[in-house]
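This document opens with one chain alone, in structure tokens, the form predicted on its own.
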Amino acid sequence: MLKKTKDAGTMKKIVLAYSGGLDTSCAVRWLKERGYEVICFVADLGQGLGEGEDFGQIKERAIAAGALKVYIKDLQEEFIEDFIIPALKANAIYEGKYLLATALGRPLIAKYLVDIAHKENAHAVAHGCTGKGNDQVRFEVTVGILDPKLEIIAPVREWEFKSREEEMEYAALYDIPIDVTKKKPYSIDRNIWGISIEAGVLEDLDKEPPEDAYLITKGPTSSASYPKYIEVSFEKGVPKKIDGRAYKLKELIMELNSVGGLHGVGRSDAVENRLVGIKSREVYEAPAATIIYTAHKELESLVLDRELAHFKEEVSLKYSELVYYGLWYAPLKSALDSFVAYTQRHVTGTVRLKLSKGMCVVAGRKSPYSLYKKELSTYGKEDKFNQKLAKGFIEIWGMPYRR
């Protein structure tokens, strides 16, 4: 049975990356009991859109848990422009399934943790990540790069609680309002680019994720029965239009999240390799990211030459690993950004997609920079390919391998 403890006497300032969830709500109280004045920082990365988070409620929850002050910053535009778009241009997707929504948000949150710590003259920052997750690395490596003098505290790695159930009891003891229940004990991280869902029944690899685990996508039996065709247009690798209508990036992503979710697009169920060396089961929702990524990749296949396209596949893999591993501000990632920027010069055009029952399928593509020449590819009467040249090509190509 948990019992209340008295707060420590001498207080030191600490800035906590606060989500309003179970872990960080407990962390506020836990840190206060150990002599810290807790300043909470809430980053709005789009998790409040639609039926998402209520930031007023999150602030009240932080204060109820014992926070001295709460900063809430709308970072959606910066998140999209400076993190999502570079990763999209790189086609960064970890282990073929994860579009890196949470991973992309962490270095941005860490950046503002450092800024607020400087503003408040705090000597430490904190986060609510577990000792076996990836986010602890992303936060701490970024903070270490931006200000190595700041102390970093990770309550979840240190405290006495052995399970989320014990955390729930602790929250109840101090009248901290939380949304999680023992029947639905998911750990959820959400932003405009996607949703990460883990824990609870999802830890049983032999069980299909229940429908109540998903927030913005409909299952195959409840999604729209009719297929939806849409066109996404790009300029130099950046999505600009849907069906010929221009959108600002935030609105474009929101629209595709809505349309894609209606048709069940963007779900993935992955057993992935965490940075710390264990495997974990992660369930993701990313309708807009899936649609935009699919279209972007298809457009690149149309405008990049073979050698550039093949080498970019290798770069995409490495880029996704750097993001996943918390190395957003590493020199190699900056160098790869320069390469990726070069590849996007001609990634302009339109891709038509068919959305139906969870599938996102390319149905058409066009670009003023297309390298596809029908007169060279056709087997019809328009054929201009000199097939007689193939014999000499094959002889020279195969010469090194003849014995």
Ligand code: ARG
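Small disclaimer: the values here were computed from a predicted structure and weren't measured. In this text, residue numbers run from 1 along the sequence as written.
What comes next is about the form predicted in complex with this ligand, which does not appear here.
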Testing 207-215, 168-176, 303-311, 282-290 against this ligand in the predicted complex with a 4.5 Å heavy atom criterion leaves exactly one stretch, namely 282-290
Here the chain is shown alone; which of D115, E78, E231, E198 has a heavy atom within 4.5 Å of this ligand in the predicted complex?
E198
By the heavy atom within 4.5 Å rule, which residue out of L249, I85, I188, L322 makes contact with this ligand in the predicted complex?
I188
Is the gap between H263 and this ligand in the predicted complex 4.5 Å or less for some heavy atom pair?
no
Flag R138 as yes or no: does it have a non-hydrogen atom within 4.5 angstroms of any non-hydrogen atom of this ligand in the predicted complex?
yes
Even though this ligand is not shown here, does E255 get within 4.5 Å of it in the predicted complex, heavy atoms only?
no
Even though the partner isn't displayed, in the predicted complex is E272 close enough to this ligand, meaning a heavy atom within 4.5 Å?
yes
Under the 4.5 Å heavy atom criterion, name the residues of 92-107 that approach this ligand in the predicted complex, in sequence order.
Y98, T102, A103, R106
